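Below you'll find only one chain, the form predicted on its own, shown as structure tokens.
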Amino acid sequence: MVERQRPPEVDRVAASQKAVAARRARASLKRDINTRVITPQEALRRAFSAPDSAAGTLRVTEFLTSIPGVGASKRDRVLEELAISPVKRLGGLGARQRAALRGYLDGRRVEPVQRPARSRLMVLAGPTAVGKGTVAARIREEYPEVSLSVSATTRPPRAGEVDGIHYFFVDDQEFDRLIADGELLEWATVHNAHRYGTPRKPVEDALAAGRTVLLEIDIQGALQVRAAEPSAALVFLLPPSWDELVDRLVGRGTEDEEERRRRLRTAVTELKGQDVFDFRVINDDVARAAQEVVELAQAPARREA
């Protein structure tokens, strides 16, 4: 009888580590779908283009139940209607099954389509801790041709923030006056704590001078700008993943534990609002994200040249 040789211990450890990494990648992907960091359609594209990737090796059952609003009962009905075996992985679906699954997803929730920029007024918004301020600061430093609006706020300055450059820091009485006198283009109370608003006159003056203006504001404010100026182009800044967003929030160290939990709940809600935005930019690299936002902002000028 020939004794089978066991693989070397180092190979078994490497295989185990690889399997754990793959499971974590799939778990992270499911969280991204569930929190709407990526669309289910995007997950399908990743799976079909790379069957060995986290998306490609994700079982179709896990994929469906990671979609908000799809539970086990609905998942089973969908699989039966589409004639897809529950043991299938996304990357292993055949052409007919891929088309059927795409059709189901589009019929359930059409993937937002980005439209061309049509205004010199650009709005940058996104969930808490996604890095809007960091991207805006990079644009301020590297792209002087873009005029960045400075918001007014009732919150106290953080370390390193300068009044008139990062924000106009005002008290509640002054903020009330700005509202009463119609001097704010938009304003909102953020996280049930402090108020933020965009002074109207600097924005109007810059636009009148033919400059492109970028507003870095919260999502509530972005929607107010859309209502006041329908031609404004809204840019939604996304994190590379939900896990990365959580890491960024915890790593800031500027809020206590209860505040972080509250902001994470807020972020989940904020991610749901991205469908009304015109563009989506992933903040996986600050320099690249800033460049992409600027290119979007300069699109109207290029067309008019």
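Sequential numbering from 1, following the sequence displayed. Fair warning: this is a prediction, and the values are worked out from it, not measured in the lab.
The following text describes the form predicted in complex with a small molecule, which does not appear among the structures shown.
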| field | Residue stretch of 138-146, 99-107, 70-78, 155-163 approaching the small molecule in the predicted complex, non-hydrogen atom distance within 4.5 Å | value | 155-163
| field | Listed residue that, although the small molecule is not shown, lies within 4.5 Å of it in the predicted complex (heavy atoms), from L82, V170, V190, A206 | value | V190
| said: Quick check on I217: any heavy atom within 4.5 Å of the small molecule in the predicted complex? | reply: yes
| message | I'd like to know whether K132 contacts the small molecule in the predicted complex, with contact meaning heavy atoms within 4.5 angstroms. | response | yes
| task | State yes or no: in the predicted complex, is some non-hydrogen atom of T198 no more than 4.5 angstroms from a non-hydrogen atom of the small molecule? | result | yes
| query | Any of the heavy atoms of S151 lying within 4.5 Å of the small molecule in the predicted complex? | reply | yes
